[in-house]
Structures are given as C-alpha cells and as structure tokens.
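There is one chain below, alone, in structure tokens, taken in the form predicted alone.
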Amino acid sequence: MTQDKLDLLIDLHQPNPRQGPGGDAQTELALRLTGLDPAAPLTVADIGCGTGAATLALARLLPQAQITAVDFLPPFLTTLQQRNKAAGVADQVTPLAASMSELPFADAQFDLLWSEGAIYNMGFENGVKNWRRFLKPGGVLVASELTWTTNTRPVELQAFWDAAYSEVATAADKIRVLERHGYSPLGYFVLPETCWRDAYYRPLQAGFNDFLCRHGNSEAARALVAEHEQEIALYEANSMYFGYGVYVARRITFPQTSHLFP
C-alpha cells in the first residue's frame, strides 16, 4: 500500500466511532464469556484498537484494569486519547504505537488480550500462535475474525474471499486452530448484522461526501470510496454466508514436563 493511500484510509476512517464491525453490547458479552472478575486489577492489551471503541467499553466494564491500547497508526491513537479524556478513563489507558506483529511485551504480561476486527492483518493462526506467550497462564484471548457462517456458499463469494483473505474458514476450523496452539475455547458467537450496518457501514457512508470534498474529489479518493462501496454491497448481498465470529479462549497451562507449547 502506498503512503498516499494509507493517508487517505486514515482520513476516511479516523472520524468514525468504529473502524470495523462491532458493538458495546457484544464487547460486554465477550467479556462475560471470559469468566474474568470485572472488579479485579486486570492487565489488558487491546491490539489493533483503532480510535478506541472497544478500549472505551473495556475501560467502563473493567474499572480497575490497566489497558494498553495498541495500533500502528498514531493518528488513531491521538483520537483515542481524546476520547479517553472525554470519557474520564485516560488514567486507565496507555496508548502504544506498534505493529501487532512486533509487540514489545514481556512473556506472561497480560490477563486479557483483546482484538476486535484486527487480527486478520497478521492472519488468525499467526496471531493466536505468536500472542499466546504474552498471556499469563490461564489468561484469556478474545478476537473477532472473518468467518463462514454456513458450510456451503456461492462459488464466486468463496473465490473472492479466498483471494482477499485466504484464512476465512468456518468456526469449527478456527476453534481447531485455537486448540492446536494451546488454547481452550470458552465461547463463540457471531456479530449480528447491526454491528456491520448500523455501527460501521452507515457512519462510514455518511462521511463519504465530506471525505471527497476534503480531497478535491480526486481520483484516488473516489477509488477508495468505490472500494468501500463494493465491500458494503458484497456484505449486503451475502450476509447470510459470512460475518465476524467472536472467539474467546483461555491459554492452557501445561506441566513443566510438557514440551507441547512454550
């Protein structure tokens, strides 16, 4: 991706409350499935936090937690800090500009790793495998991931996602990945369509005209809007076949004599 396109993407998405599908109610549901004590002084990392929709929800739901909010785009973190301050949770949240594939964390640093709509950037299997060491024994991972919600789907849709993100798979396949890499699944659910349409796509579409005006209706800006409109149309026509699955899994603790996992 060129820097110019990245800058356009930042400008398009930064004003919006979410940079991907999700919802506060679904964040709360996933947190309940972790079984963690919400009143405990937990250590949390929100990886790929964007402008902080999930971070803010977690700070509200976990009032004693210390949250590290990670994104590789500093402008998103600037907006996150502004929202943290407005919500009165700035003392709970530490922003960190870093790549999710090169996280500067210590082994067994966190009780909870959270990633809504972002783990695909390094691949689901690569993410769950490499992030596991940052969890304390018995710590919990929560990640939402593109998932087939039916066993069969149109050939052209399969071909599109195979080309765009080859790791798209059913929930059963994703759970097997978690189990293969030292996790015990605790829960799974699919984000409802409102998390796509109302929470993500409609605010995004509402900003298209202002975005185009800010960039003089340039060819690059129009091409980016067209890409997003194509994505929206793809989801609208095929939402019965795919969505975001939310996966909740605990890091398994093995005896010291085991050499299965670090």
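Computed from a predicted structure; not experimentally measured. The first residue of the sequence shown is number 1, and the count goes up from there.
Beyond what is shown, the protein has a form predicted in complex with a small molecule; the following relates to that form.
Only one of Tyr188, Trp148, Phe76, Phe105 lies close to the small molecule in the model of the complex, with a heavy atom inside 4.5 Å, and it is Phe76. With the partner removed from view, the residue among Cys49, Ile67, Cys195, Leu56 that has a non-hydrogen atom within 4.5 Å of the small molecule in the model of the complex turns out to be Cys49. Contact check for Val168: every heavy atom lies farther than 4.5 Å from the small molecule in the model of the complex. Interface residue remark: Phe160 is not counted as part of the site for the small molecule in the model of the complex, having no heavy atom within 4.5 Å.
At least one heavy atom of Met100 is located within 4.5 Å of the small molecule in the model of the complex. Taking non-hydrogen atoms only, Phe134 never approaches the small molecule to within 4.5 angstroms in the model of the complex. Only one listed stretch (149 to 157, 109 to 117, 87 to 95, 169 to 177) carries heavy atoms within 4.5 Å of the small molecule in the model of the complex, and that stretch is 109 to 117.
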